[in-house]
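What follows is a single chain, given as structure tokens, in the form predicted alone.
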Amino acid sequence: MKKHRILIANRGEIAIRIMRAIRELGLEYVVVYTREDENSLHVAMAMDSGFPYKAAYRISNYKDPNEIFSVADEAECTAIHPGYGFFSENFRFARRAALRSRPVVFIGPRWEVIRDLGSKINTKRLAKQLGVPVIPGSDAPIYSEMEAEALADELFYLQREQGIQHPSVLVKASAGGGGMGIEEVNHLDAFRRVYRRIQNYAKRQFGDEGVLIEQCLTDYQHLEVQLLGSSHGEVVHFSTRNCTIQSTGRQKRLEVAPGFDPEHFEYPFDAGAVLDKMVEYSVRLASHVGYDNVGTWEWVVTRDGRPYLLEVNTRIQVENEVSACISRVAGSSEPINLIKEQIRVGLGDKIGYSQKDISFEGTSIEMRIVAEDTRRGFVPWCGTITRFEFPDTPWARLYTHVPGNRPYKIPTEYDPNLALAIIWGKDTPEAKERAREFLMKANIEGRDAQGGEILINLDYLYERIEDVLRF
């Protein structure tokens, strides 16, 4: 592998994991940070890295592409790792990296792939062409009220045929996102009124009055398939994970791999067959588009065992290690490091192994430790952490940007995620018991500006561990 210097265009725990992966690959890194993140651990690590060059650059905003590229040029970086969030799924940023007068490698899929799979409409259209199941509904914006009503009528009919007692459809602004411009309709009589309201909203907010109509699913679980592709035409998968336990704002809080466990739980369908189908469909779509980096195929599975593809995330995800933790390659006793694999293939390497070389062992649970009030709608807590201690065990990994040796004020400019704890067990019961033990031995203290005690989600996580993998 050519000697690369990689700019890490991110913050927090993912920046630290990328830094460690780069070190293990024998490469160099540079980090960026804002004023609010001066006390973050990733900054201290970069300043103490021992590299014979400046390894930490202060910027005003993680979302300013000009600043990112300016630092890349000044620091003589040859590649950029976007982490997750920020520019990780921005095809324009990836295209600029590739086509500028001083190109740098974007460690992610090709910009064309990010563009094509970043559109839920386009992904749905591609999936349909390949026979991959998607939620019934439109795969293109609808501008005709009569056409929209006819489709809604058909979706109500299909749900009644399936025995669904309370059928409903979703009316969505096609140009929207983040849950904006979506309403549920339970009766066809109310459809036109809602359609007109969403269409007017879409035109006002997004300048595009296109509307999508799809069946509303209410009883389902959220699963994901972890894939890795390369520019040499290789595609492998690292099994499935279950991300059903989420906050009221649909932010994941507990993830577990594999996605179902028929050995310890009963499901109203053949869980093994459903998981196999999801993997098969995901690999089919990835191979079709020439997917060439780490990616996640998001699915929902209904109570009758129907899997539907939701979208593709063209980035490394927060929960990548919950899948990596159960994955072994070529008989290794150590879990694979997906961030290292992402960097390798992003810099042009072959994957170097095939699906038959990958095996899966045990159950892994990831817990997102967040400063929040879980009893008041998961409202973020702001204050200073004065103690941040977790048990040191061979079956748990902790990733955090919170320094353990000094007070740390949580920046209000960013989300209050403090740490990720990944627990492994030889089976699901052992993983759950270890996760509980880990939480019981955690010790986090802090105060807000008024002297009130820290609000953290440890109790919530402890209570919800019992629910993982149950349908």
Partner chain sequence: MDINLNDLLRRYRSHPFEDYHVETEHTGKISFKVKEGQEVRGPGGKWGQRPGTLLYLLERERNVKKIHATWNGQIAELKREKEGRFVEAGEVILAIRHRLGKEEIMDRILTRVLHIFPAPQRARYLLIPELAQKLEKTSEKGVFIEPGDESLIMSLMKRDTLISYDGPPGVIYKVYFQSGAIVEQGDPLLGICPPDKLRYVQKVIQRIRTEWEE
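Computed from a predicted structure; not experimentally measured. Residue numbers count along the first chain shown, from 1.
This next part talks about the form predicted together with the partner chain, which is not shown.
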- Is it true that Ala44, Ala442 and Arg464 each have at least one non-hydrogen atom within 4.5 Å of the partner chain in the predicted bound form? no
- Task: Heavy atoms, 4.5 Å, the partner chain in the predicted bound form: which of 434-442, 400-408, 34-42, 420-428 makes the cut? Say which one.
- Result: 34-42
- Partner contact for Gly233 in the predicted bound form: the partner chain, 4.5 angstroms, heavy atom: no
- Message: At 4.5 Å between heavy atoms, is Gly352 in contact with the partner chain in the predicted bound form?
- Response: no
- For Asp64, is any heavy atom within 4.5 Å of the partner chain in the predicted bound form, or not? yes
- Query: Wondering, does Tyr267 line up within 4.5 Å of the partner chain in the predicted bound form on heavy atoms?
  - Reply: no
- Message: Only one of Tyr281, Tyr308, Trp381, Phe388 gets a heavy atom within 4.5 Å of the partner chain in the predicted bound form. Which one?
- Response: Trp381
- Quick one: which residues from 50-79 get a non-hydrogen atom within 4.5 Å of the partner chain in the predicted bound form? Lys54, Ala56, Tyr57, Arg58, Ile59, Ser60, Asp64, Asn66, Glu67, Phe69, Ser70, Val71, Asp73, Glu74
